[in-house]
Ligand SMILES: Cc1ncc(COP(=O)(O)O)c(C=O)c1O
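The form predicted alone is given below as one chain in structure tokens.
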Amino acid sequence: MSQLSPVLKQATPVVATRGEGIHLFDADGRRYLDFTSGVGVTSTGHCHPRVVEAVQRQVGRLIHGQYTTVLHEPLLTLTERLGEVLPDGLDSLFYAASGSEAVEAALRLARHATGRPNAIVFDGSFHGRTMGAAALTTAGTRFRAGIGPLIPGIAVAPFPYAFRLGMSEEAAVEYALRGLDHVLATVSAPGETAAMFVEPVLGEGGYVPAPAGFVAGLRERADRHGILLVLDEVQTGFGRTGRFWAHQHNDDVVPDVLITAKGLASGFPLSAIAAPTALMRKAWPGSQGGTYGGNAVACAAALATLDVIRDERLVENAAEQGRRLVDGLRKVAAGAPAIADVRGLGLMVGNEFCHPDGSPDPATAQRAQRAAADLGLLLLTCGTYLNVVRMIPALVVTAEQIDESLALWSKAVAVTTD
């Protein structure tokens, strides 16, 4: 009898039989509040009726038309529609099937376009598990250990993780940008640096928003040195943080390349990189392709996702309910010394657990996550030390569901830390 790989570790004990909105149900009919959203994928909730209808309609017409062989209407329409939400000037798209694949395509484009070999990433980054993406990932050794040597030419600069650095956000930004300048002076010369890859909010690295001024500082240095600025919005894009793109919160910055996936298609595998056409033309012939990129059914799901986000004002809802969630979580943390920090943007919120001396406390974080699951609230951990419990409900979440989650979380924390 075959089985799943024993290396796969389940975050919760749930075997889901169906999903509806913010809820998952098991075979016994037990209802769970799903604050994992398939790791930020089911942006419009489970089985949103408009997404289901669009997918069912498309399946009856064309399931797959490989898009370097034939074009199809959902692909062309999606490309046009994404132009309405992408930053100005990013008018050319390449589609793939996963975030890692899109990251690899962005790295390939950067090297082709600049003729330079190196890339800079930031401490705590997560860009994927494939070989190139893993080389760009520093969120934890679990993502890259035992598979080396990884591709060369990747340098790591500091990220302004103010809480961990013990600094104000302003001081952390200054520290991180000085560190980047030091990397450019000592490890990766500007003339050999093709791109800087950065998440506007660290994902697997601990749900740490980049403070105001950081991305603008990267943009200034990129412009000065002819380096491409690549924003990885795989987890943060499509309204997750209360703006359509997370980088729109603090800095008036337009990237050279934007990477998107996860919430793009409400659960169907689809990713993309967007760049100006003049830049995209610099990719070498044959360097972009793939069997499943731009799949017709996934594109239909993405079109329905865009409609739902617009018509149900889900970006605005993410901002409103995110504030409610953070306020409630901070009240819970006020009575639980083990929770040392609560932070986030929109519906992308982390609770960092620490020992009294400030060192990471993954054991308590994981006990709290498991206790929440026992109570019916599904959550995930993240962070280099897995000491951050993250909350990423679908963008359709209501105030009542936020309050229900807070009540369950408060109980989970109480039984864990008493």
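One rule holds for the numbers: they count along the sequence shown, beginning at 1. Here the structure is a predicted model, which means the values were calculated and not measured.
This protein has a second form, the form predicted together with the ligand, left out of what is shown; the following refers to that one.
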Report the stretch among 300-308, 199-207, 148-156, 110-118 that approaches the ligand in the predicted complex to within 4.5 Å, counting heavy atoms only. 199-207
Considering Gly128, Gly344, Gly267, Gly293, which brings a non-hydrogen atom within 4.5 Å of the ligand in the predicted complex? Gly128
Give me the residue from Thr79, Asn250, Ser100, Gln321 that has a heavy atom within 4.5 Å of the ligand in the predicted complex. Ser100
Verify the contact flag for Val234: yes if a non-hydrogen atom of it lies within 4.5 Å of a non-hydrogen atom of the ligand in the predicted complex, no if not. yes
Along 249-273, which positions have a non-hydrogen atom within 4.5 Å of the ligand in the predicted complex? Lys262
